[in-house]
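This document starts with one chain, in the form predicted alone, laid out as structure tokens.
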């Protein structure tokens, strides 16, 4: 049991890094719907992996990157219809997963674990993948910090500087898709969106600086996850919904701040 707790704590720390950076970028870029579409669409990659008997992480990573590129194209080329098209990608991705699961012999109980997640079931391989994606995210934010800020607030400035804002936006969505894949086992497809947006929404109410927002949202994400793990351990309840409920209560309390 203590090995499970230790791994869940390590996973919380690694996830908090992604929540701090990618979660904050999701909030300020208002890409919550796109993130939800990638998260739910990633179920297609899980279904394909189970049907082919291939690695879940690799297959789902490739599938979600393709979704991210498609969504980037849609939002850039069809901005006035992006809400409808995002919903279509959301549904098609999940439908692909359901079809391939129905074609897979036997009962695939693991599919449910990816839908709802369980941070207590994170294994060593999952931790290694999480750490690898965190390193990629950290390197990206270190070298592209000001460009990401310009992309979020003033894309015209990037174009004037001769920087391709659309390519940068596509790269951001690819990072988002990889972040989703690293979170699926721990958080689950259905609840990823809440955990990656709530800390950023709260942090945004307490600071106007993006760097401070990242620090606060990362700390909040870690607090929510550790608190949820502790409560689930002592009261024998599912950890991921507990984490999201704690985060939701914190968001409601933050909204009372004038």
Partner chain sequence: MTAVEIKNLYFKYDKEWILEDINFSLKDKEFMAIIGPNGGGKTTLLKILLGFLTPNKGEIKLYGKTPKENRKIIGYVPQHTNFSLDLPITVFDIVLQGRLKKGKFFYNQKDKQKAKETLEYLKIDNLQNKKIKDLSGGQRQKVLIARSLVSEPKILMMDEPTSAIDPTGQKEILDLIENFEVTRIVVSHDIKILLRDVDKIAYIHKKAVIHEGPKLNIPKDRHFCEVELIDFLKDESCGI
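Numbering follows the first chain given and starts at 1. Given the structure is predicted, the values throughout are model-derived calculations rather than measurements.
Beyond the structure shown, there is the form predicted together with its partner chain, which is absent from this document and is the topic of what follows.
- Between 68 to 76, 169 to 177, 138 to 146, 117 to 125, the stretch whose residues reach within 4.5 angstroms of its partner chain in the predicted bound form through a non-hydrogen atom is 138 to 146.
- Proximity to its partner chain in the predicted bound form, defined as a heavy atom within 4.5 Å, holds among 96, 111, 89, 163 only for 163.
- A single residue from the set 34, 48, 192, 213 has any heavy atom within 4.5 angstroms of its partner chain in the predicted bound form; that residue is 213.
- With a 4.5 Å cutoff on heavy atoms, residue 154 counts as touching its partner chain in the predicted bound form.
- The closest heavy atom approach of residue 207 to its partner chain in the predicted bound form falls within 4.5 Å.
- Using a 4.5 angstroms limit between non-hydrogen atoms, residue 201 is distant from its partner chain in the predicted bound form.
- At a distance threshold of 4.5 angstroms between non-hydrogen atoms, residue 158 is in contact with its partner chain in the predicted bound form.
- Applying a 4.5 Å heavy atom cutoff to its partner chain in the predicted bound form picks out 28, 30 from 21 to 46, in order along the sequence.
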